[in-house]
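Only one chain is included here, represented as structure tokens and corresponding to the form predicted on its own.
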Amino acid sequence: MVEEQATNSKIGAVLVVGGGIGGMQASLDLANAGFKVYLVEKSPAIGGVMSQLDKTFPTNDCAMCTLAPRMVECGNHINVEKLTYSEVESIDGTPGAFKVRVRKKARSVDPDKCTGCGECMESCLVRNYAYLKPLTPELLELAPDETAEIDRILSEHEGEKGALLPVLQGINAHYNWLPPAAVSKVSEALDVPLARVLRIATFYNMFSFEPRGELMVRVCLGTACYVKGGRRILEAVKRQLNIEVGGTTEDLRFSLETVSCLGCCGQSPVMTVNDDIYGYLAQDKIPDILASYT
């Protein structure tokens, strides 16, 4: 608990509740006038929600350009004492002679080093019990023929600089996805940390960590295709294959994706099946096109 108590005589101290843009400006005006200011803010840092805005009405000024100078000045002003992560519980007395009861919440961090990011609240060990029991890593094994295939792909890029991406492309092209055991073997063979392999593999949407079909159906939903019925083409494909976007048929024959543009706007609506392009589509053409691949 923190108590700020005045004597019976009036003193030059002011309490400002709320550390948003209004509270900071009021604190600065009073502090520059010579008053001692206690700025109470319930969140870990001053600033309020103005930082979430892009522009401010009616001048269209940048919100952060307006907010940041006041935050810095308020944070450094000798007459402004900030009581962050605190709440006012009671106010007693009369104007000029009052007592304020403020509850300061426990931070369990060094206030001088706190940046107000809020990570400590989300990761609080009092509320979130960390599971520290070591986990036994899953053993990932490859069949002999799979090992031979991956060794072949690795040998094609032996000695190359930056071979990781081409190797992953080769494995993805062969299996239509990246089996976990294969990714682990690539990490070991290229002496690249597994975290880096996964970071690269998850960045590119060409890679998948779930089995995909031999045939990838891509329906364009770009502006031209959408206007000419691309959404209806997509619904027809979904009905025909009985899968949703991102799904794969049970026989691992087809997978379905949407794309923003295939570069064939003059033939819209358009879809592709692997490298085959189909334009000027209508819903009644979809069954025959897909049946030709079965």
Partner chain sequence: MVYRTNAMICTCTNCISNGALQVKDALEKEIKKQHLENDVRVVPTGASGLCVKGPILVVQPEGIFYQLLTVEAVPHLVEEHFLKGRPVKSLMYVPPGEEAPIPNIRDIPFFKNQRLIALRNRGLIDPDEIEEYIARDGYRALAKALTSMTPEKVIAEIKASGLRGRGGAGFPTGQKWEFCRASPETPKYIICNADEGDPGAFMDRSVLEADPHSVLEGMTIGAYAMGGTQGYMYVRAEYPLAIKRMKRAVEQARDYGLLGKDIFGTGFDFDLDVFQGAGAFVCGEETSLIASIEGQPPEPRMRPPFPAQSGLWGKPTNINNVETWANVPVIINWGAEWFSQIGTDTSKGTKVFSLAGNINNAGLVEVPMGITLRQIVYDIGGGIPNRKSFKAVQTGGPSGGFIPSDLLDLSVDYDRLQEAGAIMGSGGMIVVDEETCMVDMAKYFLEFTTSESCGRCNACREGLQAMYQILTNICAGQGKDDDIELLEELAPAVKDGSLCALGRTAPNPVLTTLRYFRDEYEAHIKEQRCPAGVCKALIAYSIDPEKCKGCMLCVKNCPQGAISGEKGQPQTIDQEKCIKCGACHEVCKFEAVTVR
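These numbers were taken from a predicted model, which means no experiment stands behind them. Numbering follows the first chain given and starts at 1.
One more form of this protein, predicted together with the partner chain, exists but is not displayed; see below.
Within 4.5 Å of some heavy atom of the partner chain in the predicted complex lies at least one heavy atom of P166. At least one heavy atom of Y226 is located within 4.5 Å of the partner chain in the predicted complex. In the predicted complex, P95 stays away from the partner chain, with no heavy atom inside 4.5 Å. In the predicted complex, the partner chain stays beyond 4.5 Å of every heavy atom belonging to Q25. In summary, the region of this chain contacting the partner chain in the predicted complex, judged by heavy atoms within 4.5 Å and restricted to 264-272, 242-250, 41-49, 62-70, corresponds to 264-272. In summary, among the residues L194, A143, I91, M206, the only one with a non-hydrogen atom within 4.5 Å of the partner chain in the predicted complex is M206.
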